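Here we start with a single chain on its own, the form predicted alone, put down as structure tokens.
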Amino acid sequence: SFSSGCILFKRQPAVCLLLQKIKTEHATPQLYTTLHRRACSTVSTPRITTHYTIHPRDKDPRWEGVEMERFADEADVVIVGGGPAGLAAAIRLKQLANKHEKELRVCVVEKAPQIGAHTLSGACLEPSALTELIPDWKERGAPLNTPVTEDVFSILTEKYRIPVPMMPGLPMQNHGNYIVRMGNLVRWLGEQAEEVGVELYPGYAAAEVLFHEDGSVKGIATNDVGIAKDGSPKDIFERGMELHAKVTLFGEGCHGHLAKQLYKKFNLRENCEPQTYAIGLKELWMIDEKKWRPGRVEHSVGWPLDRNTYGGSFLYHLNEGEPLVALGFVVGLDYTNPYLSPFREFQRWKHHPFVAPTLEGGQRIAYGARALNEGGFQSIPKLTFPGGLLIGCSPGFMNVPKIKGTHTAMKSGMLAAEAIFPKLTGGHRTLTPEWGPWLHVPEYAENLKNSWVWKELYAVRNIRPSFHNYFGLYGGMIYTGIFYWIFRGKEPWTLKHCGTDANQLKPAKECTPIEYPKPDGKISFDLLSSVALSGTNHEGDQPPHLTLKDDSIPVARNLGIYDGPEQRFCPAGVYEYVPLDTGDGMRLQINAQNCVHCKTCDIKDPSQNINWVVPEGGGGPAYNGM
């Protein structure tokens, strides 16, 4: 695979000799990239990226004379993302406004065509935050139909299962929790939000952060529509609209593309560790009713992953009138072998003798994937900045050992609302003399630090990084047993993570390729038939929203050094390397229509060359209650 980098330069023997020298002398990937960039100055690279964020329209003659003015609207609060955190914040704001008889305009923009359509989670819900927000949720018909009745935890070997007792107090214990289909819960939360007066705008993707001249956040702009795949304007081109607000809440979910910009502009990650992530893959199955155990929760670690690859599985038995199970597999994105495929590990896991009997004779009815935050307490950035703040999974409030983040995300949104409301209504606005009022709400971060969210995340802060030891999984479990179960996380130290996930891959020549069995079409399946079950669709004639900062990097570096890992870590078949038409090299092909918006590519790309941006609003997966 290393030699594939030379194929592109077969007419330049000096370059090939240099590449071979790197291979034999173990030179750094940075040197390899530098040499390729020099070589690419004389070699034509096929154009992949046409998006205006890489190729500005003001330098494109095709855009001359096109009307670029945007309509602007004003609100008190704009919330980006109609997930649990964003909706909880919106509901709480309107609850407070209605209680105190105050006029407050709260707008939520959501890129999915319907509220909840892009939501994917396990999910075993801890209902604490929901109960705080809407105490009578049962009477209001919240779709929490399956209380947990049985907890099972296992360590899997290739052929056997080692049961692990669920001791009271361990993070994985689920007494009092509910198995839910999170998309259905989010849709219900949207209904509650509208009931109290929140304005919801599904199908509108927030594409840009707007700033005042003093640098404070002014609001957001939604995406333009009617742009052709080659980046030119169509006859139906329309500019997005601007939404201005006194304060903007960013609740985009894990690895939000606007939050990434805010981290840099306001240096929000200055005093925290890099965020680390995992990819979660999920399927819904209709199984034989004789095998159905409503309320049963199963988790496992171990096979098919080795002890040095973090991950595990879940299998939840739902109780919604038919024999449904939700099952999934989570792989930490700090894995090192570029040949690892999280999707194929998931398919292989389903054949384990402890798992397969549940699925035999059943039918798979849905599939999806999403990245999730795993950095925990150490990776929480600064949460507030002039004109805005971060809530939910965007900054990362997931309790990793619990595999739960919905309750903490919702609570963060509620705390944000409670900090904002008195400033909006009590005359405590910060005034910028020329550009009008905006809010800075540092009280939100203080409220969060004094809440149960902070205490919960602090107590489990060392469990995920404890995995990084010689014994891997088993060392981490021993650490958890001693320092969490016995001492409840009160050890006087905080362990560090190992850096960004993008920097963890080893060169392909240092790793052993993984031979995955072929799917049988009954329990395990191929990637493209799986993506078809996600309902994913994008308008085909639009610029790919998987943008590359440099179109030459994929072949020059990712394929040359790592054997094209994006072909394997993407759970939707978006990336593939295909021969050039001339037959003298390879090129990267991006199948953007397949994208399920998981963000894994943006996170794991070893060159950090991929930048995920929003497609036209309404595109993406159509998860039916996932």
Partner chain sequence: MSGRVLVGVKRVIDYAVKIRVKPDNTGVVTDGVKHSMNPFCEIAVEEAVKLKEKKLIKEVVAVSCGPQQSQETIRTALAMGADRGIHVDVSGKDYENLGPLQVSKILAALAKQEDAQLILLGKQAIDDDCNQTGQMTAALLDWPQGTFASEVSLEGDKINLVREIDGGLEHIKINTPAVITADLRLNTPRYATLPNIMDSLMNNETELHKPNHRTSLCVGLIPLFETVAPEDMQGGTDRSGAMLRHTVLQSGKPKRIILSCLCI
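Note that this is a predicted model, so its numbers are computed, not measured. Numbering follows the first chain given and starts at 1.
One more form of this protein should be noted, the form predicted together with its partner chain, which is absent from this view; the next part is about it.
Shown alone here, residue 231 lies farther than 4.5 Å from its partner chain in the predicted complex, counting heavy atoms only. Using a 4.5 angstroms limit between non-hydrogen atoms, residue 478 is distant from its partner chain in the predicted complex. Residue contact with its partner chain in the predicted complex: residue 226 places a heavy atom within 4.5 Å of it.
A residue is said to contact a partner when one of its heavy atoms sits within 4.5 Å of a partner heavy atom; residue 525 fails this definition for its partner chain in the predicted complex, lying far away. You can rule out all but one of 534-542, 158-166, 459-467, 372-380: in the predicted complex, only 534-542 has residues with a heavy atom within 4.5 Å of its partner chain. When its partner chain is considered in the predicted complex, only one residue from 266, 201, 354, 137 comes within 4.5 Å through any heavy atom, namely 201. With the partner removed from view, the residue among 127, 113, 143, 472 that has a non-hydrogen atom within 4.5 Å of its partner chain in the predicted complex turns out to be 113. Using a 4.5 Å cut-off to its partner chain in the predicted complex, not one of 272, 299 and 498 places a heavy atom inside that distance. Heavy atoms closer than or equal to 4.5 Å to its partner chain in the predicted complex belong, across 586-615, to one residue only: 593.
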